[in-house]
Ligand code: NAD
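What follows is a single chain, given as structure tokens, in the form predicted on its own.
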Amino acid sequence: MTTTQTEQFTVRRSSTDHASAGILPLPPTGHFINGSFVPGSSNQVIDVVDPSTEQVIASVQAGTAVDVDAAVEAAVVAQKSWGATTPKERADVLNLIANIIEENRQAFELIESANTGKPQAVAEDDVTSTIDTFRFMAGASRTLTSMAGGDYATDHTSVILREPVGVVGVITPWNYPLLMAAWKIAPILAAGNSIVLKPSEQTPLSTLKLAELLAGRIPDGILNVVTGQGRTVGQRISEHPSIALVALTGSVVSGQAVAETAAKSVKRVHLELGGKAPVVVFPDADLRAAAAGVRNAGFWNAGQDCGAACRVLVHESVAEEFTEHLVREVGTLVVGAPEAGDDVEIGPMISRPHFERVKEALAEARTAGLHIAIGGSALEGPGYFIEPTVISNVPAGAHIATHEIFGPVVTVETFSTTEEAVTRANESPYGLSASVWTKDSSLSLRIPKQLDFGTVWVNAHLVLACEVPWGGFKGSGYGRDLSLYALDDYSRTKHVMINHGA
């Protein structure tokens, strides 16, 4: 039997709409090429919508292949001198970028919230993490390690050089527009490359604001931004012969398209794609802590996070108790517009099409007779708001538990043995992240090794740090963001061998 708790949630709205009030510090909306904003080659534009109000807040250029070509041309020229700088010189630029973002923190937070509907706490965390990303990469760029030089063949001395790859094409997603741009820009510049970046057509404003604030303060041409659709701008970035590597954070479908196109010119690809993170709760776990962890990590950014704790696998002996804790926790979430208070935790879905996709997933769950323990519906009024939802007693293999919903929806399944928990967790086509909840030290060491995911937390979920890598296996892609591993991804090794025995 399917039951739904009705009217559990309402949308808190505000009379203060920064976008319509005209106090949003909007950037210019041309393409940013070679250090300045330029008009596009097409007169077509793309409307940018505030998902909390459904109001258009800006219109940006619909870029073309011609625009990408101009950006690449600038990037090629700029990279020659930028790639010849020392790590210290590049670190100084990255620290400058961090300082500029910090000085303009409020503007970035306002733009990000208006463009994505992020609650204040999420927008603030995004900007803080963005600043930290640039600061970390500034330091990391000066500590690159490689194999030691030495004589590995008689009378021959080998030296290993780390070089920039050249021009890197970047395609960023809509869920963390500024932060995901930083995750790419910082290590790519630190390694001595130049960039042509396409932000999501739905959320380009914070990236354009960054470009506006950096104009004239960093070398021209090392960072270029071309707005537009994936099928035009993204396609041209992927196929351009002068781009050495394409880095994308996005959907599996987008990653497949980029990889297929890039393969024709044998260029490297760095993919951070989707996820469906299992949360494995063993019977000895602190169930209250696990439920609180899922409340935070399953619903952060309204569940629009590829690492979200969205698929709980809990031991059958404690499933009922855990679900009670989780439903109680989720029932305390506050849904609303960003301006409606600093305690708002759940914002809207990013767009009308995505809103409809999440609604369709919930309708399918109802049709399948699944038990909706809390939430389960769209909320009335303007904006693309979905109730925080928990679906319990989900059978093994259910569609809603195996496919990425990317919304405020958590499913709960049960398992009976440790082997079953590991097998079921690994059945996912994704391999980005997972978590294990237990007080058993043996399990805490053994189970993460058996899980096929790039990050596995124990008694935590969605905790990130710049010092450690982020990236997945299987359908979640390859390549690593953050940490020294990202610098490795955006550079190439060259072996120089000198014969000194002649």
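Just so it is clear, the model here is predicted, and its values are computed rather than measured. In this text, residue numbers run from 1 along the sequence as written.
From this point on, the text means the form predicted together with this ligand, which you will not see here.
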message = Can you tell me which of 100-108, 312-320, 186-194, 223-231 lies within 4.5 Å of this ligand in the predicted complex, counting heavy atoms only?
response = 223-231
ask   = Does Thr414 reach this ligand in the predicted complex, with heavy atoms at most 4.5 Å apart?
value = no
query = Does Trp174 make contact with this ligand in the predicted complex, using a 4.5 Å heavy atom cut-off?
reply = yes
task = Answer with yes or no whether Leu208 is in contact with this ligand in the predicted complex, where contact means some heavy atom within 4.5 Å.
result = no
task = Decide whether His270 counts as a contact residue for this ligand in the predicted complex under a heavy atom distance cut-off of 4.5 Å.
result = no
query = Using a 4.5 Å heavy atom cut-off, are Val49, Pro119 and Ala337 all in contact with this ligand in the predicted complex?
reply = no
remark   = The one residue among Gly298, Pro388, Gly275, Gly347 placing a heavy atom within 4.5 Å of this ligand in the predicted complex is Gly275
request  = Quick one: from Ser251, Ser158, Ser265, Ser129, grab the residue that has a heavy atom within 4.5 Å of this ligand in the predicted complex.
outcome  = Ser251
query = Heavy atom within 4.5 Å of this ligand in the predicted complex: which residues of 417-442 qualify?
reply = Leu432
